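Taking the form predicted on its own, here's one chain by itself in structure tokens.
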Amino acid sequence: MFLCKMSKSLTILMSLLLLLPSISLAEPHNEGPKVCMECHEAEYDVWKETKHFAAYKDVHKKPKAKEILAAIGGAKSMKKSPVCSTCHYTLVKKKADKPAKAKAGPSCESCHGPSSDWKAVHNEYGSGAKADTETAEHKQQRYSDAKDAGMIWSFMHYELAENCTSCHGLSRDDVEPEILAKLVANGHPANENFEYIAYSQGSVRHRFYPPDVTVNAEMDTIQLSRTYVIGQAAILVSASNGLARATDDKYKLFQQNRFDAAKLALSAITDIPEIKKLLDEPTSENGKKLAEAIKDVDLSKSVAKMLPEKSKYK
């Protein structure tokens, strides 16, 4: 009898194990900028002065907004449109099983990834330790674990640029190419001259690093030069992806112009093999390899003259 019961139990257990691959785990979700503010008040204060912050209250009031929304269909409100909310809002969930609602304009998680899966790891400094007493070994492991959980850290330069250009370049993979074409055709801003430095180092800059975490540090020329190259790499890949999916001549021309401009800028730098590899194969993976290859390289001699003037910063 005992063996019979055990056999039945094992059968049930094996059946459950076979079902595990079909069980879908909850997708990571945004928890909202106020969660980040608890530890990053200075960064939060910077964000509150940006167009990203203001967008929540005014982007839907722009004259073209309703016209564009009507053209793509699917919703009567930008905040409820899956297409618009993808870039224009931070969709927040109170709990994993609750519906997501637009609670802010583009914010922390828009760039650094939905925090539900990585926040706990990001905030754990080791047994009894705080941020200023965490060991170097634990910090390295924490960085790696949070990255594996979906966080895009500030040192992940290509990933940040890629995230930024996917929206500003109208080339998100999670939006159908026909819809992207309708956006451009109906007057959605399509800025062929978007340049990563001008946007990332303008009003949205929030570089509060030790030893003085009260200073919003500016990049020096060497840092700017690397960031410029990484930004152009992200634009090249973004435009290449857009071209590959294009179904409309006007949208295709927009992406072609972006691609050509980024290719021209990168082609001027001839001593980095990873740039040639990226130009030959414009993929996200090659973009990351380029960013890694130049992380300690001074490119300022060949790049400084291409950097935008501060007066052009957004």
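We number the residues from 1 along the sequence you see. This structure is a prediction, so every number in the text was calculated from the model and none was measured.
One more form of this protein should be noted, the form predicted together with a small molecule, which is absent from this view; the next part is about it.
The stretch among 31-39, 241-249, 260-268, 273-281 whose residues place heavy atoms within 4.5 Å of the small molecule in the model of the complex is 31-39.
Among residues of the shown chain, A102 is not one whose heavy atoms approach the small molecule to within 4.5 Å in the model of the complex.
Taking non-hydrogen atoms only, G74 never approaches the small molecule to within 4.5 angstroms in the model of the complex. Though the partner is left out of this view, G231 does not reach within 4.5 Å of the small molecule in the model of the complex, counting heavy atoms only. Proximity of N191 to the small molecule in the model of the complex: non-hydrogen atoms within 4.5 Å are present. Among the residues T133, S154, N186, Q140, the one placing a heavy atom within 4.5 Å of the small molecule in the model of the complex is S154.
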